[in-house]
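Heads up, the chain below is alone and in the form predicted on its own; it's given as structure tokens.
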């Protein structure tokens, strides 16, 4: 890329620094390619196994929003290895689920898992940047995104795109780590992010740098109230918030009216 264009390009948060959008997009893609083979295992370590409970709760809550007998279309953003998509497909066999991810290696692992689970039909895999959703307006009944929104290069643009491609009455359900927990545990939480998580990344995934970034991306993500404000700023009218594990993770449920 032309150096002048990169200098003029808007900068966004990447870890503890600000870098041009295009550079973040490339770094994120490369990072997840490097850790794709250990991604599921490290999710268990990062959340102490609780991410599976939180994801199940997301699916349970989505079930309340749709009639099981009706065919629905669902977009799962940053859904590379397929956890959410597979859970949705098992719960709603008739639904059409599109998994979109920036990183091809993550989706390759997801496709292999789909074959092992005998999930052949009703899953569509799309490689691309969530800030540029290649779908028509009002395409999907619901959109999910689990632990991916903080890593996209252009969060506001992604959320604006979600509003456009979701049908009126549809839900955007985002599960994400939070930089804040209740006060008695905040210092322990910060120590875990700054020291324990990079250590585990080094020893188990042999990639301290990647997990250093993942820890920093949690530290610098929006606090829950601010992220709710952002969802409302892109026209979502009803925004609900549920906190898990003293606030370490949050489920945001935003409705397009």
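All figures in this text were calculated on a predicted structure; none of them were measured in a lab. Numbering follows the first chain given and starts at 1.
The next section is about a form of this same protein that is not shown, the form predicted together with a small molecule.
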So in the model of the complex, does any heavy atom of residue 180 sit within 4.5 Å of the small molecule?
no
Heavy atom of residue 103 within 4.5 Å of the small molecule in the model of the complex:
yes
Does residue 146 reach the small molecule in the model of the complex, with heavy atoms at most 4.5 Å apart?
yes
4.5 angstroms heavy atom contact with the small molecule in the model of the complex for residue 78:
yes
Spot the stretch among 166-174, 116-124, 182-190, 151-159 with residues whose non-hydrogen atoms come within 4.5 Å of the small molecule in the model of the complex.
151-159
45, 228, 28, 59: which sits within 4.5 Å of the small molecule in the model of the complex by any heavy atom?
28
